[in-house]
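The chain below stands alone and is given in structure tokens; this is the form predicted alone.
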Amino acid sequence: MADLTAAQPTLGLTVHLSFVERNQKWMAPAVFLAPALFMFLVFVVNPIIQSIAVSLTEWDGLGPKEFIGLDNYRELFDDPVFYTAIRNNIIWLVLFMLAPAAGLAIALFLNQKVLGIRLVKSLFFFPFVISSVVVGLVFAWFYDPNFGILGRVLEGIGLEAIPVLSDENWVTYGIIVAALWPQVAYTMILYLTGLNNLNPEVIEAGRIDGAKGWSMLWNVILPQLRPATFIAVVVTVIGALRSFDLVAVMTAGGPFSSSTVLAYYMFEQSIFNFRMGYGAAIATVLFVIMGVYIAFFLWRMLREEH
């Protein structure tokens, strides 16, 4: 038979192994991974390829596409708003790195068995479960110079209220503070999960060796939290680079495009200005930036592991 191997003597008997039996070690994982791989190719890889293809055309989203080569990219690199968006994304990226550190600090504080700690955990968890639109509206009210809490506090200490969302110098930082609220809650959840899975024997060995306080945290706790730290940093980086919803809700990129970011600028050009090709070019640049950063971070993590 074509699908049978050569006879294999076992206790004087002839045993024939089928193709499936001979290859079941790799076929079983492949069968389970195939649906996910198919979905990834269709809904992730395919849109990326299509977006790159659209970026080489002039298209309003309705009529026929006109191939223009790299003209969208040439225009993009001469666009001052594009550089404003990149600068804002860099600011987002730098300040968003506060989220893992703050999340770790809060998780360490909440990882104790005291009366009422579950209620306190739920209060810290609350920002993560509410909609980003709600977060944006709450902070827009908070920043309002006429009746917002921030203005009242500043006036109470003798300072003038700051119109955060209408000031080109403050608006990006105001939105980032609003975005950090739920992001810190998310990283806190990751670290709480990691703290619950710590190896108590390693901690006890550290105590026997005299580790305590900062020494215990740096040499015993943090090495065991490396998987949680990896996820927290990657998710935070992706969140900073694809920031969109709070910008759209709170300022719509204003005033005068001073708070726009790459994701919102892509949306604005594609939907409002009917320039799908130009928007796809912005999306391609954002994808390259995100891919390079994450690849560099993965390379560093793997090198440290080795």
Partner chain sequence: MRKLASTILLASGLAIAGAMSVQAGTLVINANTSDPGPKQAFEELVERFEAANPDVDVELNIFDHEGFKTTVRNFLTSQQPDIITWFAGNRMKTFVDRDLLEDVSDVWQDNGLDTTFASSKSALTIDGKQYGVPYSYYQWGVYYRQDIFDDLGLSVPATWDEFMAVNATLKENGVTPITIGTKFLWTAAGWFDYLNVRINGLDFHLDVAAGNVPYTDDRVRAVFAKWQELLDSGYFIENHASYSWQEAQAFMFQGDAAMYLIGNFFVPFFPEDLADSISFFPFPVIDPSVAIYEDAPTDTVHIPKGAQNKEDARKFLAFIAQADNQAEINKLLGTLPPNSEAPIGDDRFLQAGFELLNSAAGTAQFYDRDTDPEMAKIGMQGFQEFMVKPDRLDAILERLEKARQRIYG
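Take the two forms, superpose them, and find the largest set of C-alpha atoms that agree within 1.5 Å; that set is the rigid core. Positions refer to the first chain, counted from 1. Predicted model only: the values in this text are computed from it and were never measured.
Missing here is the form predicted in complex with its partner chain; even so, the following discussion is about that form.
Engineer: Contact with its partner chain in the predicted bound form for S166, defined as at least one heavy atom pair within 4.5 Å: yes or no?
Structural biologist: Contact check for S166: yes, within 4.5 Å of its partner chain in the predicted bound form.
Engineer: Taking its partner chain as it sits in the predicted bound form, is Q50 in contact with it (heavy atom to heavy atom, 4.5 Å or less)?
Structural biologist: Contact check for Q50: no, nothing within 4.5 Å of its partner chain in the predicted bound form.
Engineer: Can S122 be called a contact residue for its partner chain in the predicted bound form at 4.5 Å between heavy atoms?
Structural biologist: So S122 does not count as contacting its partner chain.
Engineer: Verify the contact flag for V249: yes if a non-hydrogen atom of it lies within 4.5 Å of a non-hydrogen atom of its partner chain in the predicted bound form, no if not.
Structural biologist: Yes.
Engineer: Among the candidate residues L41, L70, M27, I271, which is the single one with a non-hydrogen atom no more than 4.5 Å from its partner chain in the predicted bound form?
Structural biologist: The residue from L41, L70, M27, I271 that makes the contact is I271.
Engineer: Report the stretch among 141-149, 209-217, 98-106, 228-236 that approaches its partner chain in the predicted bound form to within 4.5 Å, counting heavy atoms only.
Structural biologist: Among the candidates, contact is made by 141-149.
Engineer: Verify the C-alpha shift of L41 between the shown form and the other one: is it 2 Å or more after superposing the core?
Structural biologist: Yes, the C-alpha moves 2 Å or more.
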